[in-house]
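For reference, the chain that follows is the form predicted alone, supplied as structure tokens.
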Amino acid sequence: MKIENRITKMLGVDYPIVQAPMGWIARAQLASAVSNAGGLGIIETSSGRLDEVREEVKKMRSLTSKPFGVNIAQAFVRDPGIVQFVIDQGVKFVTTSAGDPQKYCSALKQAGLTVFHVVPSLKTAQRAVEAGVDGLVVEGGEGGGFKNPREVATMVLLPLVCEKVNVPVIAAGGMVDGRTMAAAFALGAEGIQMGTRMVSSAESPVHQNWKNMILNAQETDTVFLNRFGPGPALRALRTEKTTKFEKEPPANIMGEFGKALDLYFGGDMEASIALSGQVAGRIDEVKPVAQIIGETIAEFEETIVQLERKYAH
């Protein structure tokens, strides 16, 4: 069953499930699986390797005929030509994140793209709406990756933003299955974004050691790092390195990503920082993307039907 709402109509997808644009990971292999399963795959730029990203977009077109998007991670991609780069890829949907929503929005929209901005607070959500975005990705502090140092949980942030804005909202942070999707919709969202669940999917390109660490993680096995800067705060899996950093942050947290590829694809879990959300504690099996999306939609529908039966008298 297709879901029809503002998100699916804007994105041209069957299901309002978006894959997070994770650096190095959100490339054609994973993103095409998401798009082919009826969701929206997104290609990352936060690795900064735009020549590689260009090739990944070409690969996407050979792997799927379905819609997909590109993310501009403003803090990590400072190339002055990034807007034209994204326009040149011929995509129709872009998310902007980690920066001022007003920086690129008008140029992207003038080129005919649909623009969503990722926001961690009501203030940034309102600023993005003022900038003219088509929608928002509202990201709670339990999500993995780079975060606002003053993190707010999805359960608080999502309804707060949805009460104050009229644009469609995609919920991120804690989204892992049909029940969390139903909860997000009850709080005002019209779509969800999955990160950690997709990192641990069969099509994810990361090393099996990373996937295994997610499968074995408890809900308390992430750490919130670098709250007081300098540089971004972030949520990651608990390892010897990140447990140490929790109490004694390094002078330059971004310097710790110098050997990221040794962790991501070499499997050395102490070589860098494995970004992950708290939902790692709810994931206990590697599944193909199509199964993840299919089960999520089925459970979403089952959940709302059960709630109606139980409470709508």
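The shown structure was predicted, so the numbers you read here are calculated from the model rather than taken from an experiment. Position 1 is the first residue in the sequence shown; the rest follow in order.
Another form exists, predicted together with a further copy of the same chain; not displayed. Remarks below refer to it.
- A residue is said to contact a partner when one of its heavy atoms sits within 4.5 Å of a partner heavy atom; V279 meets this definition for a further copy of the same chain in the model of the complex.
- None of the heavy atoms of G145 is located within 4.5 Å of a further copy of the same chain in the model of the complex.
- Mapping the unseen interface onto this chain, V83 falls outside it, with no heavy atom inside 4.5 Å of a further copy of the same chain in the model of the complex.
- Remark: Q74 does not count among the residues lining a further copy of the same chain in the model of the complex, judged by a heavy atom distance of 4.5 Å or less.
- Taken together, N5, R227 and A312 are fully in contact with a further copy of the same chain in the model of the complex: each brings a heavy atom within 4.5 Å.
- Here the chain stands by itself, but in the model of the complex one stretch of 197-205, 97-105, 110-118, 148-156, 148-156, has heavy atoms within 4.5 Å of a further copy of the same chain.
- For the candidate set E246, E52, D262, E270, a heavy atom within 4.5 Å of a further copy of the same chain in the model of the complex is found for exactly one residue, namely E246.
- Of the residues A131, M213, A182, V167, just one reaches a further copy of the same chain in the model of the complex with a heavy atom at 4.5 Å or closer; this is A182.
- Contact residues in stretch 285-313 (any heavy atom within 4.5 Å of a further copy of the same chain, taken in the model of the complex) are F300, E301, T303, I304, V305, L307, E308, K310, Y311, A312, H313.
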